[in-house]
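Okay, so we've got a single protein chain in two different forms coming up as structure tokens, structure 1 first and structure 2 after it.
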Structure 1
Amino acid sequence: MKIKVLSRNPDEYRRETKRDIHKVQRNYDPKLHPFEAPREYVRALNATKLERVFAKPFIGALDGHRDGVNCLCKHPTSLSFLLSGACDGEVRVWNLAKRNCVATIQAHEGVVQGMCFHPDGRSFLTCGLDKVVKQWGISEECTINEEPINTILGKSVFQYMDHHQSENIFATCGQQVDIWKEDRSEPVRSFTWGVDSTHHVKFNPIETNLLGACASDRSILLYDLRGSTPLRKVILSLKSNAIAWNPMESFVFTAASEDYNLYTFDMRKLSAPIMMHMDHVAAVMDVDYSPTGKELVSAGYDKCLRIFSVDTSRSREIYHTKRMQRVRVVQWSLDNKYIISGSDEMNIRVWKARASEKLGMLSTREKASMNYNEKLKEKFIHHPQIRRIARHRHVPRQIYSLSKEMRIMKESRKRKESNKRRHSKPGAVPYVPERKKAIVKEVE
């Protein structure tokens, strides 16, 4: 008779010395783990609640400007520095880590309309309503030289400017889109289409020869540096305030429109936007993509910032403060962690991109635990209780009532359309997706 009785050697289960870690045996047999689903649900619920408890996105405000902040510019190589231009012509360099102003310069006599950095980070350009483009040198410690390296006098007012990703080329817009080379005093090329003026221009970071511009005839124009004529134009229902190219998808750009929405287009097919992001209750002033290309942040005239995911139409987050008035510009920092907003009350605010994220160095256990909680929240997001807690945001009263009003208006429009459809010949009132309704025309 062969008899074997289960016997364990305690030395194999206990640590040898105090300096060792404890031994933890695992057995993944489902028999030993009852109530898996309810326990995971409870953990997901706790994780969601804790996320709301720790959601404190506001980090600090950079105080110093004496007039509303009109433009922000990220340093291309350093994460700590930020340039901002105000409506009185002042340009400041900020150290984001210490939250202080490193250098100030009176760059223009009027409003600083646009700023852009040279890709090597050693000089930057500013343009203003006084029809001047100035190039300034900036040192390693980010102090600006008193005198500009270069001054270019233009023929008309400049509205915005953007620099090429790698070469010595920059574009300004105003009456028309001008392409300049850094050492020339005349534009190398000018693009026009009709008699409208453009107020925003952006270079594509991946397909570096492409440019997108917003014109005052409610259209978005696409240009190619290699060609002599503009490529394409799409006319929307209302004017776009800004566009931003997706840093990961080369053909995708998002336009921030006056009709309270953001439209994400694929450049190759402008007949309908791929996604319409709706959540703002006033005009959207600025938009910027996260360096991962999966999320975007928009600054609204309704005094709030909204963070959208690229593939959803509703925002995942709203940032607002009583003291923050009309937000003019917003930037997403290049380490994907911070959002910087410049607003009318002369303050630049720094926010966390993920509101409940813990900043600083995390130990491996913390990271593992946070990853686990993230995955749990993602898994149970559709359960009603968890969704309710995860979605809940405190929203200023005005935005709340305005959004309610807009919902009622939208519902009544839908009802009217469905009534029309019911009482007319089948096929007379076709189903048009919401996204397509915003586009008026696409022009080659």
Structure 2
Amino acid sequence: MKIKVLSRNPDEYRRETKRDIHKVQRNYDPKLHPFEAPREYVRALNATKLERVFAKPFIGALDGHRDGVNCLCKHPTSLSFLLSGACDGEVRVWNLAKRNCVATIQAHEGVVQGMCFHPDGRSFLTCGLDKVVKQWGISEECTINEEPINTILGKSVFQYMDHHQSENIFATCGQQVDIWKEDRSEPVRSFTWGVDSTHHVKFNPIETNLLGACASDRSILLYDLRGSTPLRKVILSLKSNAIAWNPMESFVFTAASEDYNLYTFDMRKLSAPIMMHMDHVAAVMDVDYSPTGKELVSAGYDKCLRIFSVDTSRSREIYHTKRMQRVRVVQWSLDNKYIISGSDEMNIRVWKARASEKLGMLSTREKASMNYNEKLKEKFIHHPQIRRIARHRHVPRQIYSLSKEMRIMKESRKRKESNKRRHSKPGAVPYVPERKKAIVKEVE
């Protein structure tokens, strides 16, 4: 006769402190736990409710500008510092940890149209409506030299600028897209493709020789520094205001359009966007990706910010305040925890990327509880009650009424199209997916 003996080391069950929890053996056999699913559902419901209770995304406002904030720039090596440029030509450096202004300079005579840091963080460039590009030296404490290191006089107005990820090259856009070296007063290369002007340009963070630009003829253009001519372009039904590259997928970029939507493209096939992000009720002014490449944030003319997952068409979060006016620019911090927005009423606002996330250090038990709750919510997300609570957001009356009106208009268009298809010859009225309707044509 065999006898099985349970042998346990008492040291494994000894508590470190008298307040510690006793370690208990558990048998995870589902037959012994018949009420496990109902119990987990209640926990998931409570976790979803508590998430909405503690959803307070607004952290603070940085005020000091005397005109609307037109552009923002993140420091490439420090999480604490931020650059902002206003419509009166003023540039300010902010310490986000202390929420105060570190330095101020009058950089340009008109609007500061664009700014970008050198990859080493020791200098930054600004451009404005006064047709001048200036390079400024900046110390580790983020104090700015009073006089610019270098000044470049342009032939036309500069609309935007961006710096290469590793080399001493930066791009500006205006009447054409120009590639500059920091030590030269003339552009190294210029790109044109039969358009009046370009108003936004962005380098690809992975394939660093690629850059995209938004033009005034409603097109999005792609350039390669290794080639002598532009690569290709796609023409949309309305103008695009900004472009952002996915930091994890080198071929993917998102454009913020005037038709209230965002379009995510794969540059290898521009004939149709891979995703169309809807929910804004006015023009989308700016867009930026999270460092993980899984989410993006958009700034709207409808006085709100929206956060989208890259693979969903509807926003998971909307941020707004009573005083916030039209949001011109938005940035996602490099630690993936904060979102910074600049708006017309001269304020820069700092938000949490996760509205209900607790700031500061978390204990081991808090982390375990948080991860457990996330898994529970993920498991029961398709249950009607949990889905309703998780999706519900209070929005301003104007956004609510406009979104309701847009929904009625969209349903009316669909109904009209289906009626036309029903009373026409088969194949006379083809079915066009919603995301393809905004694309006019692709040009190579």
Partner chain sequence: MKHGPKQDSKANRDEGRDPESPSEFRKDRYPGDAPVPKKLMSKYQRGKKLHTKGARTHHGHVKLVQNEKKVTMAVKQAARSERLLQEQSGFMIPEDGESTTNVTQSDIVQAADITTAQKHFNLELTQFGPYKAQYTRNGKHLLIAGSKGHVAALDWLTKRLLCEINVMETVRDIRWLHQETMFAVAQKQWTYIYDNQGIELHCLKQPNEALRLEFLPYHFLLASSNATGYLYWLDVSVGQKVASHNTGLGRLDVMCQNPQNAVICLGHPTGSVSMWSPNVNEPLVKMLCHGAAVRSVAVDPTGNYMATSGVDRKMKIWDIRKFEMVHSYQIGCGAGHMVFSQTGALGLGKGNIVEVYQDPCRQQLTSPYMIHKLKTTVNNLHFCPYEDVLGVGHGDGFTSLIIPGAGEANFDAMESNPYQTKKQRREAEVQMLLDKIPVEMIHLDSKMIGKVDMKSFVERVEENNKIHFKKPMSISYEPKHKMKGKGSGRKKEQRKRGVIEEGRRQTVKELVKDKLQEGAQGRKESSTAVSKSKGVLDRFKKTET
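Heads up, when I say rigid core I mean the largest set of C-alphas that superpose within 1.5 Å between the two forms. Quick note, the numbers are simply positions in structure 1, starting from 1. Values in this document were obtained by computation on a predicted structure and should not be read as measured data.
- Between the two copies of this chain, it is structure 1 that is the form predicted in complex with its partner chain.
- Once the rigid core is overlaid between the two structures, Arg8 counts among the residues whose Cα shifts by 2 Å or more.
- On a core-based overlay, Arg19 has a Cα shift of 8.0 Å between the two structures.
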